[in-house]
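Only one chain is given next, in structure tokens, and it is the form predicted alone.
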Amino acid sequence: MDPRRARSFGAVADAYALARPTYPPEALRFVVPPGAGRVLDLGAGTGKVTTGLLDLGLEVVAVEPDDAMRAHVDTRAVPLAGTAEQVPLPDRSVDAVVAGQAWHWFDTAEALAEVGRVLRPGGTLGLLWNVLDDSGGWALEVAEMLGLEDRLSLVDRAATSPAVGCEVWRPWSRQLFPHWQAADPDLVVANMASRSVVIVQEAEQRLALLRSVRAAVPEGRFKVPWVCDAWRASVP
């Protein structure tokens, strides 16, 4: 984990909330056990996972360390300041823990210990990544331009896989869920501006890169192709 990148998102919280894609309902159902009532969104960010879980009728606690990011969390949820390594919840208090676009920022061993502590018997750990479908066209050009790590062509080689450092949590189940995001050039630029690899660049370099992104994408309205890479495991 790069601490500088991990702590960078608060500076672009508005762009993140505006431009990052949501998660498909079917992916959220996949990572939550049947009959679940209370779910923890761990590393909730601006609450993209939180809102999706709430819309499924679940009670959600959203734990996020960054104040600017947490300020965007859906008001129907319970937002709490905290980290994956120090979860501010009592033992066996949730039916599932879900982390969207976040697990790779955590200390794996400490996070797994906390997840195991707060989960009730029969609970699940669900990990989600929205990855750009870079199989062709402008999406491939932008992915190469930014050196994106979360793209479909790298999904089976990514160090973000739960198989890395999570051997005790087995068996892992996995499904890929293709979906689309309605967008325009400004939304794509805002999305890419919310990437940690871009945020930490010097201002001049960052602005030049985002101008190149703007030039690469189509005009008008179009669909951004995403794939939700979803993983699920039960309490060992």
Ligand SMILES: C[S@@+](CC[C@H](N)C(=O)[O-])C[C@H]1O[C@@H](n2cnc3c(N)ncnc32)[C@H](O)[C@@H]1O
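It should be emphasised that the depicted structure is a prediction, and the values quoted were computed from it without experimental measurement. Sequential numbering from 1, following the sequence displayed.
A second form of this protein, the form predicted together with the ligand, is not displayed here; the remarks below concern that form.
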For this session: Please check if T83 has a heavy atom lying within 4.5 Å of any heavy atom of the ligand in the model of the complex.
Result: yes
Problem set entry | V94, heavy atom within 4.5 angstroms of the ligand in the model of the complex | no
Exercise. According to a 4.5 angstroms non-hydrogen atom cut-off, is W138 in contact with the ligand in the model of the complex?
Worked result: no
For this session: Mark M69 yes when one of its heavy atoms lies within 4.5 Å of a heavy atom of the ligand in the model of the complex, and no otherwise.
Result: yes
Exercise. Picking from 27-35, 206-214, 60-68, 185-193, which part of the chain touches the ligand in the model of the complex when contact means heavy atoms within 4.5 Å?
Worked result: 60-68
Exercise. Can you name the residues of 86-118 that have a heavy atom within 4.5 Å of the ligand in the model of the complex?
Worked result: G100, Q101, A102, W105, F106
